[in-house]
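Okay, here we've got a single chain as structure tokens, the form predicted alone, with questions on binding and movement later.
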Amino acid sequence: MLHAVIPAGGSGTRLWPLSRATNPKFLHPLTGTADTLIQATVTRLAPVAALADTYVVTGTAHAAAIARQLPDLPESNILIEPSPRDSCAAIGLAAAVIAQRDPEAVMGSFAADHLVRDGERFTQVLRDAEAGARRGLLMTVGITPTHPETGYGYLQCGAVVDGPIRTVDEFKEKPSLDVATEYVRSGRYLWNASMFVWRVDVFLRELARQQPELHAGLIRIAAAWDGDDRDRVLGEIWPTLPKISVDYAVMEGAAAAGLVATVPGDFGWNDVGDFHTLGDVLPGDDDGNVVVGDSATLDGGKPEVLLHDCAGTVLVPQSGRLVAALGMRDVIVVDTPDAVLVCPRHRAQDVKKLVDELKERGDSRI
């Protein structure tokens, strides 16, 4: 069994105006069921991690909502960051706290906002990754590419270690289309989904080697975590921690030292990054129209959505108003109480630009 860690941060800017800084995408039911993304994450980890060994790392703004959505999660397993310090501080905090409670633990880190379609296959891949972790390797779950994707980083795979476990020679940045095409054609590259499995002692030792300042701060915080002095120590040290991702801080250097390996995953993974993606992964009607949300009707039977001669549209009715579309092809319509978004599906990645502009204006609707 693993200790499962779920970093739950960010605001999902490409899913604005549905996803906001105060109500990010992992709190929304974007799974095709009534479950939110974070609820679905906890459910699919249940075969490998007991709820008592499941942790969520999040900010103060989201802790109460997470506790409401996960009422059976022990309160002490919600680790609250005073401010965002990027993924290495978040994941490292969880590793250090777990090491205080169980020094020989094997830990896995899994984002709160990903979709996985084949739960049984996902479980098997995690068991393979755990086997590698118990050998002292820092394991990352790579995703078998289905197409040349420029929006993901890649793992360059090396020699076979044992069974499906292969070394990771190098972490690659998001490539151009030509480079991504070559990666996929070669069969030596996997998508980097930032899913990790390792022994906490191995990870913390590597963190100390590469990021001694960050390691020292997290160890001091973890030592005080279950005591009366937590708030003082956390307030004193946390703002001083380096702000850096775990890939840059640990995994790239560990790969160069031959300490990183991967298991390929083909379990229907998606990171639900934008509305176009939601249109691809969620069920739709015969014309490919997808309505995102719980119910297609308001109280009293009045329809939320009325479509006529539309195809490939993605509609998100959140305001309680009727949303009607006529003759639309491959468009996105998001209707919330205080903002409406309309754009072509092929521009879904650019929604972030709108959020950036709102930030520049000082607008609070982000």
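The first residue of the sequence shown is number 1, and the count goes up from there. Because the structure is a prediction, the values reported are computed rather than measured.
Only in words, not in the display: the form predicted in complex with a further copy of the same chain, which the text now covers.
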query: Partner-contacting position among 67, 326, 52, 61 - heavy atom within 4.5 Å of a further copy of the same chain in the model of the complex; finding: 326
query: Any non-hydrogen atom of residue 336 within 4.5 angstroms of a further copy of the same chain in the model of the complex; finding: yes
query: Touches a further copy of the same chain in the model of the complex: residue 351 (any heavy atom, 4.5 Å); finding: yes
query: a further copy of the same chain contact at residue 21 in the model of the complex, heavy atom, 4.5 Å; finding: no
query: Residue contact check: residue 311 to a further copy of the same chain in the model of the complex, 4.5 Å heavy atom; finding: no
query: Segment assignment from 314-322, 52-60, 36-44, 22-30: heavy atom within 4.5 Å of a further copy of the same chain in the model of the complex; finding: 314-322
